[in-house]
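First comes one chain, alone, set out as structure tokens in the form predicted on its own.
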Amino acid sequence: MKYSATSLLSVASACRGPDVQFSPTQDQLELREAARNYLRASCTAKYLTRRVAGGPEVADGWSGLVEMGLPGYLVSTTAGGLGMDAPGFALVAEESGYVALPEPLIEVAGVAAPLLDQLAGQQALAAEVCTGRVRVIPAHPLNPFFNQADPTDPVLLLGDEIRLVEPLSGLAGLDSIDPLRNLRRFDAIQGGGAVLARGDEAVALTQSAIQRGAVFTAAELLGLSAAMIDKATAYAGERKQFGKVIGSYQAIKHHLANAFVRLEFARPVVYRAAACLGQDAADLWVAQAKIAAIDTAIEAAEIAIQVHGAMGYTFEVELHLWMKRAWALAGLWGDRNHHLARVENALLSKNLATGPAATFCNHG
């Protein structure tokens, strides 16, 4: 069974509990605007193309993120971070997706840094992450690859035990469908490292980390979708056929409108999940968010390719970098089948009310 954005919203409403406000605050909007301005000025299509080609002229992308304080976005101010919250970081993650940022911002800032901040005795390491002196890369079977990991980066292995392993040297690289992702596989690491947490504490922290990874990846997919729609719209306004721009034809308009509508339906699902992290039903909301974001990104990619015609499949068109990133992110922190199983289990086992009455009735 394939759930639409509307049915997912229905499930979210059915198990909503207390009303949740997730409209961005002024601080969140200002930080998003600052991140947007920096990312769109520095992480351009030309920069990404140079990065794919390699070479010493490609600047270090991580240092600029550190200067903005983004690695410490979710870290407490006592540990040197910004002390902001998950809904705000979801906005930043969306902006990073819009430019197809190749740096591991979600992994380091969205998953590892706040986890370290919550662990007793690890705030000093969290502070090191905030300052950019070290990057800690999280690893779990639902996120089995290290992206852009430097041989000096320690690894945070998540699970029934949380261990900090130093470092990544000796792990062979892997090919990716996305040429901007430089991957290594974590399951080659055999034991070792310092145990930071065990038992119930480790399980709870790992669960929270997985939820953050999934919802922030979903937000990144929203940004990728928006960028692909914008690129397709711009192309449709320039490309002429039979003496008219192709964007004037209804078939093209309807395709782009469908992609835009799906994106607008997915955004509140993702924002809601980010606002509800830490609550009892967060796992279900996160699952809905990842499904909605995957479906949105895949549809946006397909429509963008169709609008570009045969050129959409070529390396000469920058669209392929965004499309391939969407494909790569669709499987991280749980693929569609993984999260769909969680939604189906909730529907079948929790006797949730669904349909228009549950979605649109007054819960106040």
Partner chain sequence: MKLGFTSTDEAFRDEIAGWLAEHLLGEFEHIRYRGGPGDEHAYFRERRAWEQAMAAGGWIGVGWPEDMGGRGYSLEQQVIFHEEYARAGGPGRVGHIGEGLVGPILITHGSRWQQQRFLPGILSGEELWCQGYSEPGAGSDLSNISTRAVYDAGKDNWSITGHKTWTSLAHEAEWCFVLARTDPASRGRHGLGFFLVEMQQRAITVRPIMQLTGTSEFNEVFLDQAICASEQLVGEPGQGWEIAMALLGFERGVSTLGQQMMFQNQLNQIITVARRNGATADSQIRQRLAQAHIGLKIMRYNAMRTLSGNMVDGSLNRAAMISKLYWSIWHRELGNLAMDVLGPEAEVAAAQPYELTPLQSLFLFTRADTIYGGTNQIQRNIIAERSLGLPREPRMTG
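Since we're looking at a predicted model, the values are computed, not measured. Positions refer to the first chain, counted from 1.
Here the subject shifts to the form predicted together with the partner chain, a form of this protein not shown in this document.
J.: Even though the partner isn't displayed, in the model of the complex is residue 331 close enough to the partner chain, meaning a heavy atom within 4.5 Å?
T.: Yes.
J.: Although the partner isn't part of this model, could you tell me whether residue 340 comes within 4.5 Å of the partner chain in the model of the complex, counting any heavy atom of the residue?
T.: So residue 340 counts as contacting the partner chain.
J.: How about residue 78 - does it come within 4.5 Å of the partner chain in the model of the complex, if we only consider non-hydrogen atoms?
T.: Although the partner chain is absent here, residue 78 would stay clear of it in the model of the complex, with no heavy atoms inside 4.5 Å.
J.: Would you classify residue 176 as touching the partner chain in the model of the complex, given a 4.5 Å non-hydrogen atom cut-off?
T.: Result yes; residue 176 sits at the interface with the partner chain in the model of the complex.
J.: Partner absent here, but in the model of the complex, which of 320-328, 29-37, 43-51, 64-72 has residues with a heavy atom within 4.5 Å of the partner chain?
T.: Heavy atoms within 4.5 Å of the partner chain in the model of the complex occur in 320-328.
J.: Assess the spot marked by 241, 244 and 255: is the partner chain within 4.5 Å of a heavy atom from every one of these residues in the model of the complex?
T.: Yes, the whole candidate spot contacts the partner chain.
J.: Heavy atom within 4.5 Å of the partner chain in the model of the complex: which of 251, 120, 195, 261 fits that? Just give me the one.
T.: Partner contact (heavy atom, 4.5 Å) among the options: 251.
J.: Taking the partner chain as it sits in the model of the complex, which residues of 304-331 have a non-hydrogen atom within 4.5 Å of it? Please list them.
T.: Going through 304-331 in order - heavy atoms within 4.5 Å of the partner chain in the model of the complex - the hits are 305, 306, 309, 310, 311, 312, 313, 314, 315, 316, 320, 323, 324, 327, 328, 331.
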